[in-house]
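Only one chain comes next, encoded as structure tokens, the form predicted on its own.
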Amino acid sequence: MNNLKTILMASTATILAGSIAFAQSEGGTELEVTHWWTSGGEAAAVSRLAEEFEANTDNTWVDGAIAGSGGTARPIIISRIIGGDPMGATQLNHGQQAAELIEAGLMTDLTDLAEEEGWRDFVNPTSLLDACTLDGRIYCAPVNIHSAQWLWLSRDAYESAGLDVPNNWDEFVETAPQLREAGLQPLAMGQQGWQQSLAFGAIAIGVAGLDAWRAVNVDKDTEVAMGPEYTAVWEAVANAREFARGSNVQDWNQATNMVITDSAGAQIMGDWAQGEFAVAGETAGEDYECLPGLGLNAVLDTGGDAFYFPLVEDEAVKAAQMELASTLMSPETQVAFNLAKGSLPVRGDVDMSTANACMQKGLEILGDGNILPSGDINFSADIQTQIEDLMAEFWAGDMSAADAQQRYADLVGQAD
């Protein structure tokens, strides 16, 4: 469990905001729920989860929001669990992030509840539930499907520059210099490795193609990672780095706001950006455009969020945990939460007819089965962190595409 020790050391300099221990209250239990959903759109979405939980049970949702990204929050969450101060429930990404906690016997087994409610009958794709499963037992409740391969475009930015809105990444590349000449930021990009890694992955799928992407990300093929397909990827990312010069913001939602306010032409970001557009009163297809797969490959990865329930002794808390897990998977919660979040539901049997134009694109791709496993499933947290560190170094400096490709291929070769 060396990774957990590293995480503990990293967490000492970070403060958890709003941590409140769960306690018995009249008629129910106060259940502390930790998460890192703190942007405007995210806060609106998580409030729907709290509303559904309190409306359908006698319990109280005690919000334990942690400011910052998942990279900031996860060390805090994990250190509390292994340090004997567990919360009632916590957001993590479904995949490998909780594997060591499960192996250490620190997470609650949800298998009986999942079988009783038939989760495997309605979770779509079933790989989402597989990502919550270890040694045949289910340890989390997946709540959404998030995909990272989206290009978000400001219609007003392009119209003010006298340009047509691009239909794909190649057209964006052609128009980027003209946006710069018009005094606009071509590509909005937050200065964090995970955002830059996300952009790299999206560009890789578009430029290298699905076969090469699978060879590298699923099969861990270092020859392909060093081959011509990925050479083209790194050259494209080097171009994107130039388009992002001058995007002096830190957080992803600040970069999204540059598109919302029409000061930037585009952003590569996951579908959670839709929550920010919604809070700003923007309408898909009128104020902004969205291109899944960067308009080059109509595929989506199946990343997303899940809730895990740390093992506790208090029987009342245990009962509240099961009630929250059940609520998260209910049709009503799935619709309410995902409409606000901009993500897709994990249930394949709910009515999403009121979803906006961008969500409908995602639902169509999901329905066609054009999906890929996410990075949280493909790579361990340690390898992902090293890739993000490489991306941060590359985007912030002048590292050559060839040097970056070699370092990336080396990391792929070290992956499990």
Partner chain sequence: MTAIEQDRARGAADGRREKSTRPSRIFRNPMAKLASLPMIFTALVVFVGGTAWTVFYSFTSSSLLPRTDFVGLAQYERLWTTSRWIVSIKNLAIYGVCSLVLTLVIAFVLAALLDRKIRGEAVFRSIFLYPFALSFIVTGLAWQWILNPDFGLQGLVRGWGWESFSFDPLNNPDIVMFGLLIAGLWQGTGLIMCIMLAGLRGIDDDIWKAARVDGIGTVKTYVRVIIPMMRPVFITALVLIASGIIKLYDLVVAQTNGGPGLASEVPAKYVINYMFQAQNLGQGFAASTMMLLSVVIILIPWAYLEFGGRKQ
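Think of the rigid core as the biggest set of C-alphas that the two forms share within 1.5 Å after superposition. Numbering follows the first chain given and starts at 1. Keep in mind the model is a prediction, meaning the values are calculated, not measured.
The protein also exists as the form predicted in complex with the partner chain; that form is not presented, and the subsequent description refers to it.
**OP:** Consider the chain as shown here, without its partner, and state which of 97, 217, 338, 257 has a heavy atom within 4.5 Å of the partner chain in the predicted complex.
**Re:** Of the candidates 97, 217, 338, 257, 97 is the one lying within 4.5 Å of the partner chain in the predicted complex.
**OP:** Just give me the single entry in 167, 250, 126, 261 that has a non-hydrogen atom within 4.5 angstroms of the partner chain in the predicted complex.
**Re:** Answer to the contact question: 250.
Original post:
At 4.5 angstroms, heavy atoms only, are 62, 372 and 377 all close to the partner chain in the predicted complex?
Top reply: The answer is no: none of the three residues contacts the partner (heavy atom, 4.5 Å cut-off).
Original post:
So which stretch, 140-148, 306-314, 176-184, 99-107, is the one near the partner chain in the predicted complex (non-hydrogen atoms, 4.5 Å)?
Top reply: That would be 99-107.
Original post:
Applying a 4.5 Å heavy atom distance criterion, does residue 113 contact the partner chain in the predicted complex?
Top reply: So residue 113 does not count as contacting the partner chain.
Original post:
Is there a heavy atom of residue 88 no more than 4.5 Å from a heavy atom of the partner chain in the predicted complex?
Top reply: Judged by the heavy-atom cut-off of 4.5 Å, residue 88 is well away from the partner chain in the predicted complex.
Original post:
Is the gap between residue 45 and the partner chain in the predicted complex 4.5 Å or less for some heavy atom pair?
Top reply: Residue 45: no contact with the partner chain in the predicted complex.
Original post:
Even though the partner chain is not shown here, does residue 402 get within 4.5 Å of it in the predicted complex, heavy atoms only?
Top reply: Looking in the predicted complex, residue contacts with the partner chain do not include residue 402, since no heavy atom lies within 4.5 Å.
**OP:** Could you run down 377-399 and flag each residue that has a heavy atom within 4.5 Å of the partner chain in the predicted complex?
**Re:** Counting only heavy atoms within 4.5 Å of the partner chain in the predicted complex, the contacting residues of 377-399 are 381, 382, 385, 386, 388, 389, 392, 393, 396.
Original post:
Aligning on the rigid core, do we see the C-alpha of residue 177 shift 2 angstroms or more between this form and the one not shown?
Top reply: No, shifts by less than 2 Å.
Original post:
Taking the rigid core as reference, does residue 218 move its C-alpha 2 Å or further between this form and the one not shown?
Top reply: Where the cores coincide, residue 218 shows only a C-alpha shift between this form and the one not shown that is less than 2 Å.
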